[in-house]
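Okay, so here's just one chain, in structure tokens, the form predicted on its own.
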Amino acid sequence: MNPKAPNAARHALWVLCCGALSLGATSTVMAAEGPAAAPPPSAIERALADLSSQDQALQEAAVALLIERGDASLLPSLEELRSNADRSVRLAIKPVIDLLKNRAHLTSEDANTRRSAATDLGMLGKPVAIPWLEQAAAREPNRWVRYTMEEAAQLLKLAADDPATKIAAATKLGELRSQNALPMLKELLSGSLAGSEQSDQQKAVARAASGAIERIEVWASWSGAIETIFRGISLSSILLMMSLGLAIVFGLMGVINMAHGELMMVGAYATFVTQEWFRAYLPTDLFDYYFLASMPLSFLVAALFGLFLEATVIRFLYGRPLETLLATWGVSLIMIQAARVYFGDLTSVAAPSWLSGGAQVMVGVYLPYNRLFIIALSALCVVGIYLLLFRSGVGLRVRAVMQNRDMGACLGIPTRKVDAYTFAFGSGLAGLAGCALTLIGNVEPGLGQNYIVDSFMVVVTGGVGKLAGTIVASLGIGGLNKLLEPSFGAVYGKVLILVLVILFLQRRPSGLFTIKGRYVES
């Protein structure tokens, strides 16, 4: 037996006893002291709790604290609190949520989101947002988003109590040509001039506000003129596509086709049907491609309608313009009623995403992508028609028949086929114009009636069968429409244009340009 064993056993027992006594003492002390004290709530947590307080001053202090120190991480808690609160608490929470949400959006990856957030912060009228906007503008790479941030910060400074801050803000807003600042500047000007006596500071504020208003209004007149010209060019582009086909048909066959507007309607409805087919049968991510498919389809469908109309009605009325006018007018009424029965009174075409939005080129000048696309499409049509008529054998035969039908027939040109195919081509151009028109308006049965009269005015003013004349006349009549509408209204503006066209034709019956040659059929 080991003599050291009893000593080891006694040592182990002594350690266990000491541990038990120590544990008991610790337990006694903890029991005497009670549970551990919780950490004190933070200022943010207290403010969240105070939002539901009935004390108005306490609630306002909580709102101010949350706006100053809060960030987007508080939004879930605030939304939950608002959903379970009464009306007064919801009204108190809403500006906090709006400010914090827009502050978070200032750093969004999407430029439109950043710009929208800056606009909202400027409209909320909270001076606490000024440093947020200035910091965001300092690191903003997009020119127009940075402009909006600077404008919003100056709008907030314009409401400051310090006259020097107001003067600096008014001067800066005048330099920015801010249309959004006009109401506040006019209010500031009237407030500064109120009363029988004004201090030097009030006079300085009034001068700054007056100078800013003058600069903004002068620039607004220029930007409005630029946008009016642009709208006139986009309308001229629609008229040009309509009138090109009408000019070719009228110049070639002497046919007054009153159903040309309804061929435009056919192209518009072909676009609508293509959109619905894409929406019903193809995946969603392919929907934006429907417009690319609808352009050739609208041209083809309208061309087939035109070919059928030429073979069944117009072919038997050559040389009788009055009968042609009456017959095609009757056809147009039939087509309008058929469209109304089948499609209803009003349908719409959704522009593809790649044609949504626009480009801002100057302050107050915004050019929509859909109208830019229409202008580019009409320019492409003009180039295509020029190449077809003046750089191809087909165009040579068309021009030969247009200038002298009998001589062309003697040279072996099949004049009947040229008539039919040219009429179909002109109808297809009208269908393409209808396709383009769906980007800026609704599709309805009387769509073509709004453009047929203007198209005939373009043809006779520019000169029958002359491509250059059609381009110049469409630009002139489309631009005059948009220039006269603000002053005379749409109806009286068109009446005035008609009077001007009649007076012009009294001086130049052949239009701006005439067909030249040894022999031109009368």
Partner chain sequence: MSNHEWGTVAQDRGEGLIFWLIGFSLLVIMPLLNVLPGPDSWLHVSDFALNRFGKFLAFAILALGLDLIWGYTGILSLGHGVFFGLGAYAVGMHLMLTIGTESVYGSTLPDFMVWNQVKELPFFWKPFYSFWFAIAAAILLPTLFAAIFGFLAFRSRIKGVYFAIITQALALSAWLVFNRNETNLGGTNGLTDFKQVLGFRLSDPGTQRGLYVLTVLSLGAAYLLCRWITRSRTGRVLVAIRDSEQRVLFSGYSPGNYKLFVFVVSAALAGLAGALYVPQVGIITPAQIGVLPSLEMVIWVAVGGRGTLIGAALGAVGVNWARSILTSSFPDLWPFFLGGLFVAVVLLFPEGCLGLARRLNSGWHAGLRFRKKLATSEPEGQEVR
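Numbering follows the first chain given and starts at 1. Model, not experiment: these values are computed from the prediction.
Another form exists, predicted in complex with its partner chain; not displayed. Remarks below refer to it.
Highlighted residues 316, 337 and 403: every one comes within 4.5 Å of its partner chain in the model of the complex, counting any heavy atom.
For the options 295, 145, 256, 443, the one in contact with its partner chain in the model of the complex, meaning a heavy atom within 4.5 Å, is 256. Checked against its partner chain in the model of the complex, the candidates 383, 322, 138, 410 yield a single residue with a heavy atom inside 4.5 Å, and that residue is 322. In the model of the complex, residue 78 stays away from its partner chain, with no heavy atom inside 4.5 Å. Within 4.5 Å of any heavy atom of its partner chain in the model of the complex lies no heavy atom of residue 73.
For the chain shown alone, residue 460 is a contact residue for its partner chain in the model of the complex, at least one non-hydrogen atom being within 4.5 angstroms. None of the heavy atoms of residue 43 is located within 4.5 Å of its partner chain in the model of the complex. From the list 44-52, 449-457, 476-484, 58-66, the contact stretch for its partner chain in the model of the complex under a 4.5 Å heavy atom rule is 449-457. Shown here without its partner chain, the chain has 491, 492, 494, 495, 498 in 466-499 lying with a heavy atom within 4.5 Å of that partner in the model of the complex.
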